[in-house]
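Next up is one chain by itself, shown in structure tokens, the form predicted alone.
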């Protein structure tokens, strides 16, 4: 397995599904887990400490509220960790965002946008990291970006035609 996607609660599944779908699209093996920094701290730390020997190369963590999951995982591994802030009451994800972006020096957690868009971006960020040492994956990523560009240019051409009528 190359990527681990950890959510602090199964209620985060709807958010992280975009990461699962993106990793599948690129053919990247992954494992999904529910582990909590607060409710299963020993299991979360053990997972992180053993991740590298278990074939994990990048870890994605989705968490809301205090969002300590990314920091706890990063504290127990030197693998890259990407955080996805998840919106929850009462602060609509601002608390999670602030938790992720205020990691202390020496224990980095990269942070992407919140929610479903963030999950897709976290997976794409993991793809980019893995592509550094995988020419076939790098080509898939370049093709993905080219397809995105083509969609936008096609939409622009369509709009220009509609406006010229």
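The model shown is predicted, which means the values in this text are computed figures rather than measured ones. Positions refer to the first chain, counted from 1.
In what follows, reference is made to the form predicted together with ligand RP5, a form of this protein that is not presented.
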Given that the partner is absent here, does residue 11 sit within 4.5 Å of ligand RP5 in the predicted bound form, heavy atoms only?
yes
Against ligand RP5 in the predicted bound form, would residue 70 count as a contact residue? Criterion: heavy atoms within 4.5 Å.
no
Contact test in the predicted bound form: residue 64 vs ligand RP5, heavy atoms, 4.5 Å
yes
Do residue 139 and ligand RP5 share at least one heavy atom pair within 4.5 Å in the predicted bound form?
no
Per contact check vs ligand RP5 in the predicted bound form (non-hydrogen atom within 4.5 angstroms), the hit among 104 to 112, 56 to 64, 118 to 126, 25 to 33 is 56 to 64
Suppose contact means any heavy atom within 4.5 Å; which members of 38 to 56 contact ligand RP5 in the predicted bound form?
39
